[in-house]
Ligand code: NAD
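Coming up is one lone chain in structure tokens, specifically the form predicted alone.
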């Protein structure tokens, strides 16, 4: 069945319907481009057809381009991949330009057929670039729909005319949030911004679009940039006001990306250069820069991790075959920050929630957390007051464990104390059915040890949420030594229900995410003790693509938490503990009462309102800056390699079973340099042999923590890559 089909009504209007069989949302493929091209030719050549409406057979319009197509074109043309990609892009531009010009006389602009787009719901990427080429865009009044160009978030930029058209439609400054930040808007806000032309009741979407087509004149369908004397809104680059816009935009992009993201730089080049030439030439400029991004290994890695691998994990790539395990009623033990967040995302996903704490006031406070989030949603018109009450009505806040009857999943989120967790485990298991799966939300405590308090260890599992729960995308699922397949399937189905991305790891101290992020933070703190300038440490991290420097990160997560983890780790490892230099700094900070943002005093100074300022001057008094500072590359490599080597060790030890999960988890869990595609993608990008060279240099100066794992040496010796050997999900032990 073709992805596009066309029917003509009695008024002579051709309705072209996009409806990809077997997909919940439409995505564009190369075959679909050919089908659409043929239908447009037919509509324009048939004298009985007066115009056309392009719409969707689903309740959404389209999710964008199938990124597998881009990878396939590149891989199928190894001798000239860039030429193949550029050619495909220009074919797409040709179809959209055909829609835009609609058969009109090229000199007079007359005689064309009006073509409208009717969007029943969400329209993203090419799903918005196609409507942009139409002459009028109608969107159904659906507050849950999102419209925009999110390509920058997966290492690309709008490359099917979206960049060129939106800048020429509204000017570079006004277009920047949508193309540079990937901002998405509901239909009402899209109309206010100028992304769509009309917002209409859902039941009138097609009829209103058809009415416009029948009434449209020649003037209505000529795009501003095709009219004589067109001037770009806000001014072209050579205009005084335009010049200031482009200078400011360039500075803004660099301040946000630190030059680490090739797509952002290519986008700015496409916008600037495209604004200097005629429209059709600008499309070629856009296509050339888009091709260069696709040929950049950073782009390939980001697409693989943030689209292909992420999608595979969300669809259950690691799920055991254990039947449908969707959660219907969940018990959440502990109504603090984490428990309240878990209760909210569960209720928001349609799951009945029993939220338990030791006293009613604490339980009610946890429920109020959800109410506060929902109130913000109402104020921003993302949900209605009625929807808020329905969601809130799913949460029962109580102190009574008997209310857990009928729950098929328990998530415990009480204080990180094994005795406290053991107590609530026993109390909950006495109240729930025998087949109820019990999950503990812990970031450090071994699951196997906690499972000793359970009567059914095969149904005991770790579900590690990241804070804040409602915003963080990753959930780490941890298998204890006795955890069974059904518990794993239950956890995965639950994570899918709450619309987050899961990774599944095995039980060992700190699991995967914290195992890798702690060395990053520790390396930054260790450098403070060595006399490295704090600003150099955090800025080097940002220049490497990390969202937060290690010192800012420990301020955000709290310094006393870091000190507690250090003490517990030292007690567990004894003589093998190797972070004494870190402790010297972190324990001193704790003694000074500088606990981070939570008390407005950490490595950074904060004002009375909690706004972060410069580094605390007292830090330099205790740990003065060394006369000779390391170069930027050395600091950057220390911070990256501290994480990457630990990721390899986690895979080597079997804690991590799939490098795809290692990359996705690193980016979504702690923000590991998204431009790199994750630690394993980064190693493949620089090459295992060069990584070993870096490792050896760092080890010689800074010690055994930078020693290359045997697995890295083996990959280097074989001349392979991690994805070449393990990229299909093959485990280390296989």
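Predicted, not measured: the structure shown is a model, and the values here were computed from it. Numbering follows the first chain given and starts at 1.
Keep in mind that the form predicted in complex with the named molecule is missing from the display, and what follows is about it.
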Just one stretch in 318 to 326, 501 to 509, 592 to 600, 338 to 346 has heavy atoms within 4.5 Å of the named molecule in the predicted complex, so which one is it? 338 to 346
Only hit among 643, 441, 291, 186 for heavy atom within 4.5 Å of the named molecule in the predicted complex is 441
In the predicted complex, the one of 487, 356, 395, 130 near the named molecule [non-hydrogen atom within 4.5 angstroms]: 356
Please check if residue 413 has a heavy atom lying within 4.5 Å of any heavy atom of the named molecule in the predicted complex. yes
With the partner left out here, check for me: in the predicted complex, does some heavy atom of residue 148 sit within 4.5 Å of the named molecule? no
Close approach of residue 465 to the named molecule in the predicted complex, 4.5 Å, heavy atom: yes
Would residue 102 count as touching the named molecule in the predicted complex under a 4.5 Å heavy atom rule? no
